[in-house]
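Given as structure tokens, the chain that follows is alone and in the form predicted on its own.
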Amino acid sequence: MSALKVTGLIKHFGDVKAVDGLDLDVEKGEFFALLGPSASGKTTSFRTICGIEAPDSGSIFLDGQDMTNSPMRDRGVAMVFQTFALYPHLSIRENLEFPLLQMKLGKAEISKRVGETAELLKLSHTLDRKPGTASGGEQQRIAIGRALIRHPELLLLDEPLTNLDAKLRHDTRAEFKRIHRERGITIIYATPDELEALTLGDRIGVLKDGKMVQVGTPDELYEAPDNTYVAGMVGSPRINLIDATRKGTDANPEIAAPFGDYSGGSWMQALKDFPIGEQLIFGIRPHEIVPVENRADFQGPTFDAEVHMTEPLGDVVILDLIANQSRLKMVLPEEQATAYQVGMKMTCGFDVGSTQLFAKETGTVIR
């Protein structure tokens, strides 16, 4: 059964349509990542799901029950905001106790839950301190604890790592996975960071302008994006998207890119439906481009390029290439990249079967 099913959700703020017909289906016990940039509708969707905001239209079902117009207290949903939102005058223990007091639980149950939650989040040694004395990572765990302690059916995490440094973000991501594994709770995690979405989500939903544009596993979104928006959101470095044109014949179509003409991709059959001269977008992942020493030995198309810039990233290096005035990126292991310096000419190759093709006017994939 779905833990959450949202259909046709719409929410306006004046003339701004923050959520525009959102459909979302999250399975019980799933860790679902909601990926989208700022102003894509993540926070408004969360606030509407948990009952802070009332939808203009649409339906919200929790565990099969229609909760569209139900009050927050009846939904069994907890939300962790981007800001920690802790009570600075209360101790960490009192911050954890606060939602349980609102639920009017007995002292014994409150004490039990505080102890369990503190142990789960490694906060037992901090309970008598004030939040202001805690580190950023500890404050984030307190905020999570205040949500978990209610034993919610659904936990919404709204960009919870934004205020943490890189190491704390890495450590806290691991904490989220541990909590999910140990509690089996259904989690929806909203983030603008594709790395967070790819590493955390069992499935990922990609949001654009308040609409869900694609849902799939990390591999599905990376290997088979439905449009240029998803292709650009998923994958680091970003996919190379290059202007191209439909050419060839009706029976044997080709695409003309600035650095060569190509055929044989998975898009070949569908490309026959496009007229000659149609403007297209040709997509190649940076990891799919490789250096070629001998064209005769390479099984696939090749092109000439010049190294414009290098971006060392530790064990790998991103090479910025110029191929007949077209800019591309490729990724090489550090030991291999040292052979290529700025200004050098090189021959590159790729597997045309790994490329993507999109209609330029709509951005929709051709497959």
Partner chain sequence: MSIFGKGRKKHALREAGWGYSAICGAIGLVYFSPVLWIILTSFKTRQDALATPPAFFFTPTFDNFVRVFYRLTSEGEQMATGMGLFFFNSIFIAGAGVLLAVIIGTSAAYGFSRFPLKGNDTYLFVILTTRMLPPIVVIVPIFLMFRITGLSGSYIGIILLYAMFNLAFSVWMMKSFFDELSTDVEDAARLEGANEWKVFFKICLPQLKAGIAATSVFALILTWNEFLFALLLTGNDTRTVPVAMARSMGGQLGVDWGLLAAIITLFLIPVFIVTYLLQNHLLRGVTFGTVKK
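Just so we're clear, the structure is a prediction, and the values are computed from it rather than from any experiment. Positions refer to the first chain, counted from 1.
The same protein also exists as the form predicted in complex with its partner chain; that form is not shown, yet it is the one meant from here on.
S.K.: With a 4.5 Å heavy atom cut-off, would you call residue 99 a contact of its partner chain in the predicted complex?
M.R.: Because a heavy atom of residue 99 falls inside 4.5 Å of its partner chain in the predicted complex, the answer is yes.
S.K.: Can you tell me whether residue 83 touches its partner chain? I mean in the predicted complex, with a 4.5 angstroms heavy atom cut-off.
M.R.: Residue 83: contacts its partner chain in the predicted complex.
S.K.: Is residue 125 a contact residue for its partner chain in the predicted complex, using a 4.5 Å heavy atom cut-off?
M.R.: No - in the predicted complex, heavy atoms of residue 125 and its partner chain never come within 4.5 Å of each other.
S.K.: In the predicted complex, is there a heavy atom of its partner chain that lies within 4.5 Å of any heavy atom of residue 270, even though the partner is absent here?
M.R.: Residue 270: no contact with its partner chain in the predicted complex.
S.K.: In the predicted complex, which of the stretches 116-124, 207-215, 68-76, 191-199 has residues with heavy atoms within 4.5 Å of its partner chain?
M.R.: Only one stretch qualifies here: 68-76.
S.K.: So its partner chain isn't shown here. In the predicted complex, which residue out of 277, 106, 88, 184 has a non-hydrogen atom within 4.5 Å of it?
M.R.: Flagged contact: 88.
S.K.: Ok, 287, 150, 203, 246: which has a heavy atom sitting within 4.5 Å of its partner chain in the predicted complex?
M.R.: By the 4.5 Å criterion, the partner-contacting residue is 150.
S.K.: Using a 4.5 Å heavy atom cut-off, are 26, 177 and 180 all in contact with its partner chain in the predicted complex?
M.R.: Spot residues vs its partner chain: no contact at all.
S.K.: Give, in sequence order, every residue of 30-54 that has a heavy atom within 4.5 Å of its partner chain in the predicted complex, or say none if there are no such residues.
M.R.: The stretch touches the partner through 47, 50, 52.
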